[in-house]
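One chain comes next, on its own, written as structure tokens: the form predicted alone.
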């Protein structure tokens, strides 16, 4: 059937969608969410059908094309296309199998992942795939097959001679910017460290958000290869390169549902590490009441799973379990966290000792993991000698930034300080409360927004002494953060013993 193109000027940023008038859909026995094949000359694509009940949006004998379909077909408003009914992707049957509790093999998983990447699945079908893994468990073979399917449907980067070291934290702890300290230490020690990092989802800043304060975190794969060749490593946003691309679509579904199946988490993390050729991965698992992993037994279970999956895909994995009950460092938010990092790398006394010590522990363990004796001692020597700072600034310059110091980073003009109501000591902080207030103040989109902690758990505090300060470049957002403080617990204060 031939139809005239109508540009509806709508984009989905993903799935290809078209609109048919109800009368045309009835002629072809096409229903809402059916698939049709659209052809224009030698170009063809498959799209999901929506149906218009009136001619206001799409007249009879016309087809409304979303931007993604127009781009693929190189079609314009008024041009002509041919359409015919298309059967549903075979991968939908495989998703049903998983929904029934069956284990899927590599071939079926690869087909599902390919269809996700090619935007052949609707949000409903993709949501079903995600929830099927949340409902039903997977054995290690299925997890390994899912991981390999993610790896083999994206680009892979070969950085040459091993070892290629890598680091990942399961997350849930504000600040925790160890990556920006560990990477230059390992590079200064002579190792390659290609680090892809995430942006914040529910936190005030991800590593990529903080690194972006100093330089670009979006680079092409050829550029990344050159950066590694020139300076030994990088710290970039993983979403800017086509590594395990299906993972980004899956995360988009998981986020509003607040679900994170174990199988998909394992596959997501390990696929991205394998895609950059990592040979040695140190995985941090923070444990706390407000982190992703809440118990030691769950942490130990994940440790076994990651090491087992690593063996199946050729990555050596070392896991460390850490305390995730309190923020690490003083600053919460991109600029504030970048300041912490620069203070530590420049051996400034203002550098938070907890972030420094944790970074040295991780760097030392990684050095030991790749065969360096006295790893922690060597990491400390590299940091205190200034070699790590030189390596970090080389990364910044290679990624398009310019050398600067912490004092040059400016914070939001609007600020509000909370002081202690009585003498005592800080018995603890609430990670979720801190993240909520910092995000309301504008972080991470507002790089200058966030929260600075003047005190940490166990510190003594006097009445009217500062406990934390909120920063924002927007007075309305700061006022909203202050108002939200009235019903948000940030810290606990106890009288002196």
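Definition used throughout: the rigid core is the maximal C-alpha set that superposes within 1.5 Å between two forms. Residue numbers count along the first chain shown, from 1. Since the structure is predicted, the reported quantities are computational estimates derived from the model, not experimental observations.
There is another form of this protein, the form predicted in complex with another copy of the chain, and it is not shown here; the text below is about that form.
Annotated contacts: 29, 136 and 257 all touch another copy of the chain in the predicted complex [non-hydrogen atom within 4.5 angstroms].
None of 155, 384, 100, 408 but one reaches within 4.5 angstroms of another copy of the chain in the predicted complex through a heavy atom, and that residue is 100. Listed residues 305, 299, 92, 72 were compared with another copy of the chain in the predicted complex; 92 is the one with a heavy atom within 4.5 Å. Of the candidate stretches 92 to 100, 205 to 213, 335 to 343, 391 to 399, only 92 to 100 has residues whose heavy atoms lie within 4.5 Å of another copy of the chain in the predicted complex. Contact between residue 372 and another copy of the chain in the predicted complex is not found at the 4.5 Å heavy atom cutoff. Another copy of the chain is not drawn, but in the predicted complex it has no heavy atom within 4.5 Å of residue 483. When contacts are judged by a 4.5 Å heavy atom cut-off, residue 473 does not count as touching another copy of the chain in the predicted complex.
For the chain shown alone, residue 56 is a contact residue for another copy of the chain in the predicted complex, at least one non-hydrogen atom being within 4.5 angstroms. If you take 121 to 139 and check each residue for a heavy atom within 4.5 Å of another copy of the chain in the predicted complex, you get 123, 124, 125, 127, 128, 131, 132, 134, 135, 136, in sequence order. Relative to the superposed rigid core, residue 23 undergoes a CA displacement of at least 2 Å between this form and the one not shown. Residue displacement note: residue 323 has its CA displaced by under 2 Å between this form and the one not shown (rigid core superposed).
Once the cores line up, the CA of residue 75 ends up 2 angstroms or more apart between this form and the one not shown.
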